[in-house]
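In the form predicted alone, a lone chain appears below as structure tokens.
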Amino acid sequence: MIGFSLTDEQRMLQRTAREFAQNVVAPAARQVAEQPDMVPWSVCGEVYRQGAELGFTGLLLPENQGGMGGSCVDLALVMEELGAADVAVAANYFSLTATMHLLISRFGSDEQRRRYLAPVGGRGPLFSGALNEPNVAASDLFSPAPGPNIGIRTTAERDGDHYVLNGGKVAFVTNGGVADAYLVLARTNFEAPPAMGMSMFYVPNGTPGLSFGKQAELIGWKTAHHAEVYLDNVRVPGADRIGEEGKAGMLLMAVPEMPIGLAAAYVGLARAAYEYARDYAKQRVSWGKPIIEHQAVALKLADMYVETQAARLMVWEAAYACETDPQAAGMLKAPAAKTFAVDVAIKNAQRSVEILGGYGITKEYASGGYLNDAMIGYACDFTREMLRLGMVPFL
């Protein structure tokens, strides 16, 4: 028997997330949009603190590690609600931190879990993943060929009981410059293929040699921070390496909750674009009647509803598979859900612009912003082409 009913606890979690999204996230996003010179974190820092106090960042952590002991389905419910208010807040601050917790929870030592997952300033640590580098394709992670010219160039060299990290990360580093801690990918073996020669290190903000460069100005995601990260002889204790040396690529593949949380946020964006266009179509009058009564508009809205429902169900199935079949979740269902949810968000945002007509291309109305936000998902955490090609060996 397949059931689609949420438990009472899940409905309460969903309501809490929806109220937080409407009352806290959405006003903050509007404030940032109305003041383009504002540093987003000056507003979003308080949003993050309040969300962390509600348990959103520790949602997936076991209760004995200070978390809520929730499931990936719980994560999907929360991220859809936050994504409907602002997909950047959902994806960058909450989904990323909630899922990066799992890298430490699952693969860290008891001492690492005790130190790294402890609250910072009454809220939980805001995480960043310092992964991508200039002139290095993210798809290099999947390359079976070894060599110093393939994959990331940041190095981590042994020096006694420490590693010394040197290199730089591209300006797409999420939460760069505002995070409490960075999970840094560095090369520990250039003779192995990239996925087998990388290691992951926990580097707290303020570590000597860790610095930040220019911020990336994206077409959307205006509430987010993305900045270059530089590592100049950054000394990291060996005890701050996450997992085994050379196994960082495998760690990332073993947390399917990451793309699923992002996918759920994009379901929220797809829903928001649909609801915005629907409400407009009920009010806008053409030829003496609301434009929702014109077939050309009605068919667009029907397609938006259908595809949003399909994307949500695909995300829920992937989330459920995290509990029942983690390998299928990681290799097939999570990348499928991420690509489809982003595709639907892009289509819905485009249709929303079309339904609003001339108003759809103005900043006064939200449709254009939805489209800019949606397009970022196309290349975020691998392009749809790379994700789907990665699925092929497991079909």
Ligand SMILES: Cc1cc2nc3c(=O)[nH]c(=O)nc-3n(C[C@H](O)[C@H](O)[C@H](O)COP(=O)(O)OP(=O)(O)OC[C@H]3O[C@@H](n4cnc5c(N)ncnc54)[C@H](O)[C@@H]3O)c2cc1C
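Predicted model, so just to flag it, every value in this text is computed and none were measured. The first residue of the sequence shown is number 1, and the count goes up from there.
FYI, the form predicted in complex with this ligand isn't displayed, but the following is about it.
Distance check, V24 to this ligand in the predicted bound form, heavy atom within 4.5 Å: Judged by the heavy-atom cut-off of 4.5 Å, V24 is well away from this ligand in the predicted bound form.
Contact label in the predicted bound form: I376 to this ligand, heavy atom within 4.5 Å: The answer is yes: I376 has a heavy atom within 4.5 Å of this ligand.
Partner contact for A192 in the predicted bound form: this ligand, 4.5 angstroms, heavy atom: It does not: once this ligand is placed as it appears in the predicted bound form, A192 has no heavy atom within 4.5 Å of it.
Residue contact check: A272 to this ligand in the predicted bound form, 4.5 Å heavy atom: Contact with this ligand, no.
L126, A130, M200, A311 - the one with a heavy atom within 4.5 Å of this ligand in the predicted bound form: Checking each option against this ligand in the predicted bound form, the one that comes within 4.5 Å is A130.
One residue of A319, V267, A98, V173 in contact with this ligand, assessed in the predicted bound form (non-hydrogen atom, 4.5 angstroms): When this ligand is considered in the predicted bound form, the option within 4.5 Å is V173.
Stretch from 247-255, 173-181, 156-164, 302-310 whose residues place a heavy atom within 4.5 Å of this ligand in the predicted bound form: Looking at the partner contacts, the answer comes out as 173-181.
This ligand in the predicted bound form - contacting residues of 211-247, heavy atom within 4.5 Å: Residues within 4.5 Å: L218, W221, H226.
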